[in-house]
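In the form predicted on its own, a lone chain appears below as structure tokens.
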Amino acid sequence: MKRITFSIGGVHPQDAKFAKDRPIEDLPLPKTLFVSMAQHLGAPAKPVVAVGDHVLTGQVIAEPGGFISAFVHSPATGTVKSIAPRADLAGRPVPHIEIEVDAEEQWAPGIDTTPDLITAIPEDRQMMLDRIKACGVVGLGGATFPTHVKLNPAPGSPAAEALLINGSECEPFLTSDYRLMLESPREIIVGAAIMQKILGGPRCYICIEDNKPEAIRVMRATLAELGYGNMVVQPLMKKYPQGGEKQLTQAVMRREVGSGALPISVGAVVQNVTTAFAVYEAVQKNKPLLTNILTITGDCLPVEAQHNYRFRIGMPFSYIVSYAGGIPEKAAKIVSGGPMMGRAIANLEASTVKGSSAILYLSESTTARWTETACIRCGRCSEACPMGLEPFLLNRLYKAGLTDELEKNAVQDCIECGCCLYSCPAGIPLLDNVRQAKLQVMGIMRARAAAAKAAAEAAAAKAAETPKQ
């Protein structure tokens, strides 16, 4: 099948997939876990346990705090020691449930922990959606959007014509999705088939960049073995940010997702390969999302010190770092995630969440920023932007405080991929400034929407009080 890619912008960073041949290892449980209530997009979850409660592995410990929210389950068997704010990776206080782990594990009733593969897909669509919701499944490609919401588009939305399973893993260094495709391809494909059925049977594309030929081979062979129809493995050209929802939709369907719109607006639903695995476990095993795969990697680690770990949510990063051998001497920066979209870790005592994907150690030579000089108007940032924006202009408008102009020039559409910063020869911190500009404009847009809603409600209330003539 022909290799494809998106047509606007993008860059070609070095792969640096140093941990790609390191099999997934299970991390042993620490003595204490700290489970965040804010590890999904939307409202934080609300605890349903109390201090002193004994909880089983997989038991619900927090319920959704709103429509866009998710259940949280105990990642281990133990006793609830506290429910209190605790600093996250950025140092911000977030409610956590502290669990003192028992020596012996006991799973909650009804959860199938056997390795047996179940390929028969249930007929009941609502049952499958309910299980995905009840098991707390969220998107594991980065955004952690609740999966049951994404698989059940709002009334009036176009029908899904394509389900795109994102296995591109286009960021340098990251290898967790790659290892999962090699080691659990059957579960991923069954999970994809489940989502395909929930969506009404659209064509399913398992999208993998061509720098992962072994993953393409394994997934194709497994698809042929399982025999699910209307599903193909689609090779992609290597280009970052290939895994972005709008970029993947444009690459496969040749349709542009409009400003502020979602892929479903053009008939596409995008899910990550690891999300497909979690959907399989939820629907076929009634198993909550308690684990994910995390890569320990970097340019200052020897290959034998790099790992792909299966971790339980709530493990302190400091515990994982220590288990993996400690911080390398030449590490100048520690990043959660990839080098392009990841965030520097300000607090190693923070705990893993459902969407944790990597601990990345970078050397001084890799992280040192160039000395900033004047913009030379070369246009490279605009050529690289996969959203078709003009970062040099947005940077200038941000410095001038022109928020109206920033909104007119669609700063809110920035996906914060870092292509502009990567391509700028003048060392201008374009990503930092555009990100701050986006925050300002999004805040104004939310306030405007809230004011409009309040005005409409007030008008409706006044109309209801006016006596009829």
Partner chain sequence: MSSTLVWTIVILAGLGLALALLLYLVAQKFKVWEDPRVEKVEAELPGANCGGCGYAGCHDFAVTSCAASDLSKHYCPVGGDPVMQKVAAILGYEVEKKAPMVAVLRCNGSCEVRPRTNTFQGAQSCRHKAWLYAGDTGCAFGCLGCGDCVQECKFGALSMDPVTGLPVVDESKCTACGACVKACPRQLIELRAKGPRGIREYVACRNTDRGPVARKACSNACIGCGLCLKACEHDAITVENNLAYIDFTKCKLCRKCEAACPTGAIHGVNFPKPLVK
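Positions refer to the first chain, counted from 1. This one's a predicted model, so the numbers in the text were calculated from it and none came from an experiment.
Keep in mind that the form predicted in complex with its partner chain is missing from the display, and what follows is about it.
Q: To verify the annotation, which of these, 423, 433, 59, 409, has a non-hydrogen atom within 4.5 Å of its partner chain in the model of the complex?
A: It is 433.
Q: Which of 90, 232, 376, 348 has a heavy atom within 4.5 Å of its partner chain in the model of the complex?
A: When its partner chain is considered in the model of the complex, the option within 4.5 Å is 90.
Q: Quick one: which of 296-304, 361-369, 216-224, 241-249 gets within 4.5 Å of its partner chain in the model of the complex, going by heavy atoms?
A: Answer to the contact question: 361-369.
Q: Given that the partner is absent here, does residue 443 sit within 4.5 Å of its partner chain in the model of the complex, heavy atoms only?
A: So residue 443 does not count as contacting its partner chain.
Q: Taking heavy atoms only, is residue 133 within 4.5 angstroms of its partner chain in the model of the complex?
A: Contact with its partner chain, no.
Q: Should residue 66 be counted as a contact of its partner chain in the model of the complex, where contact means heavy atoms within 4.5 Å?
A: Outside the cut-off, so no.
Q: With the partner left out of view, is residue 398 within 4.5 angstroms of its partner chain in the model of the complex by any non-hydrogen atom?
A: Residue-level check for residue 398: yes, a contact with its partner chain.
Q: Heavy atom within 4.5 Å of its partner chain in the model of the complex: which residues of 311-336 meet that condition, in order?
A: The stretch 311-336, when checked against its partner chain in the model of the complex, contributes only 333 at the 4.5 Å heavy-atom cut-off.
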